[in-house]
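Taking the form predicted on its own, here's one chain by itself in structure tokens.
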Amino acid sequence: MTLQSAIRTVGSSIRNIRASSLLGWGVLVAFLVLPCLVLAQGAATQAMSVEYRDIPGIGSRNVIWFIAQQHLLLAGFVLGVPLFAWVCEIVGWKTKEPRYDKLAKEFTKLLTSAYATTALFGGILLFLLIGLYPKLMAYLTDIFYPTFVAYSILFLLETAVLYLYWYGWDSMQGNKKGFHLFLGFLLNLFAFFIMIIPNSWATFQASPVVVADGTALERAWAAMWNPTWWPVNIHRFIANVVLGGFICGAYAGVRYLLAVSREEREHYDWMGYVGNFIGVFGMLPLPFAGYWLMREIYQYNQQMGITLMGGFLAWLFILQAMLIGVLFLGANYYFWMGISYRIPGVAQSYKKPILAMLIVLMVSLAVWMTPHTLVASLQEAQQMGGAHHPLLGVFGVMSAKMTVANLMILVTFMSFIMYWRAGKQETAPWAKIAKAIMGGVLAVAAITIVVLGVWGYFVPALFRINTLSVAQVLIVLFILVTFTPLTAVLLKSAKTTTEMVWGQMPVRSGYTLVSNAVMVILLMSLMGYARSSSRVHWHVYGVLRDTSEYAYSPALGYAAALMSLNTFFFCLLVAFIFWVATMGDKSQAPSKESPQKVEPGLTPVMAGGSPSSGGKGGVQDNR
């Protein structure tokens, strides 16, 4: 068969596959990726006459940075959404409530719209890396080639399973529901391995383990099990859930603002709550996973840890504190709005607790954002007596920052518990005793965290890191793990005093959901830059030096500008994905129950009131 006839055969096969088919995209990507693997394997066995290539006017590093960031963000969304879509489907199957199955299907619809785009950016990234960094890719291919083959197989399997999972949703209801849930399990299993294999390539560059002897599989296995591989796997897995949850929440917020019927407003209000809930509960353990990662970096190479936390990258963690603080405030604010607008008649009794929580959050954020070393002129430094402010310098060290971070997590968790309990009255005879014990344990936990933080000022850093900080983390995890099931047991027999009303949230709730998603995207872009820059002038730390013209870490201002550009473009990309995902909805007829249009932030006009409006008639402005 000639080359021309082979190309015509492949082209004919692809044309025969439906354009909307995920399997078609999988085959197309396979035809693009597999030849690249062959070329990369050949490149690894040949002497490279060219080490680097550049793109005039733009720069090879900027192009790789941009494409890689888009691919990683899209991949985080694509790998995070299947997990809670599958969980929602299981809940709907167990509870027999169709709204959970509908929600899971809508989550998966977003996934199918983003899947092909993720693969597209991944293919572009591979082409660019091979062309612009041939020596680096030859070195990595020589070590990781067996994992390239495994990754390609996993990608094809995931594509086939996703194809069956999405297009078989309706036909597999009833007796075939169990098989459909099994497909969802396989989808998440393949997605997990698709995440951790590329993680090994990236973590190898930061903490390489090189075995000179052995088979190709043995060398690849040793390189995968580098010191930071599993900390990054856990951290990125949780971060993907957070990203997926908040992006789905942003999607619901946009649809809520554009809703034209009461039914739509109720559905997307509930979907926004679920997305925010997923994002918040993923966000609570995320700092602990990040702390584990930083410990492993310090243990592997102390200089790399100092570059991150004490060198020129240290100011990135001030920006990180600001972004995380805004995210915590936005998540809590959304819960507080839910208490005021979804649960009529209870807002007044929660004003003082909410005010106290807000004060703790703001004070904690102020401490977390305080830098250890101030950028000051010579005159200002002389007035302060050095680079450290005599008062603020106390709050600029890790002992204070770890303390307030744990307090913010506790406050956010209690906001959710408060929202969960609102409108319900516990009827169990032991309810009062249980609530008193929970309140006492929470107070003791908060005081202990503060005491351990203060104690950290008077002990060696090693004892603080290995003992005191770990104790703070365990205390918070104990509260999360024990309070959640105990509250569930208390509320199982509770009497509902006020029914939940959906669709009455003000317009600012939708904007809050969008803001949370933007903060997460900025945060992931920021920390990706920090982790990559910690290698300084090495492609592979301590093994393969960067000898290109870009063998330096970009200035923080320059990096912030590029991170903002990445975030802006990704938001446009997500908006396009949202638009594509909703194209099929435009052809559906409007709801017969409530055909009238509803201005965002206003409940529909109901002649005699309704459960959804929460009023006795007229229009209620919730702005």
Partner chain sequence: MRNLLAILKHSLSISAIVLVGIFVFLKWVLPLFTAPLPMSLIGLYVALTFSALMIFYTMSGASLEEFMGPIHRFLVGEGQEGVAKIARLLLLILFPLLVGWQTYTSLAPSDFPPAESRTIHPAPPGEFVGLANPLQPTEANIQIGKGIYASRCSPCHGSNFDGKGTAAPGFNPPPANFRDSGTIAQLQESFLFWRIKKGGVGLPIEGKPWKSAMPRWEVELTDKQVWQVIMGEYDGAGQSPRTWEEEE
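What you see is a predicted model; the values in this text were computed from it and never measured. Residue numbers count along the first chain shown, from 1.
Omitted here: the form predicted together with the partner chain. The next part is about that form.
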- Query: Within a 4.5 Å heavy atom cut-off, is T307 in contact with the partner chain in the predicted complex?
  - Reply: yes
- Message: Can you tell me whether L452 touches the partner chain? I mean in the predicted complex, with a 4.5 angstroms heavy atom cut-off.
- Response: no
- Would you please decide whether W430 lies within 4.5 angstroms of the partner chain in the predicted complex, comparing each non-hydrogen atom pair? no
- Might Y100 be said to contact the partner chain in the predicted complex, defining contact as any heavy atom within 4.5 Å? no
- Which among 184 to 192, 483 to 491, 125 to 133, 291 to 299 is in contact with the partner chain in the predicted complex, heavy atoms within 4.5 angstroms? 291 to 299
- Non-hydrogen atom within 4.5 Å of the partner chain in the predicted complex for each of H180, V274 and P344: no
- The one option of K105, K435, K351, K424 with any heavy atom within 4.5 Å of the partner chain in the predicted complex is K351
- Out of S200, Q504, S340, S469, which one falls within 4.5 Å of the partner chain in the predicted complex, going by heavy atoms? S340
- Message: Just to make sure I understand: among 456 to 475, which residues lie within 4.5 Å of the partner chain in the predicted complex, judging by heavy atoms?
- Response: Y457, P460, A461, L462, R464, I465, N466
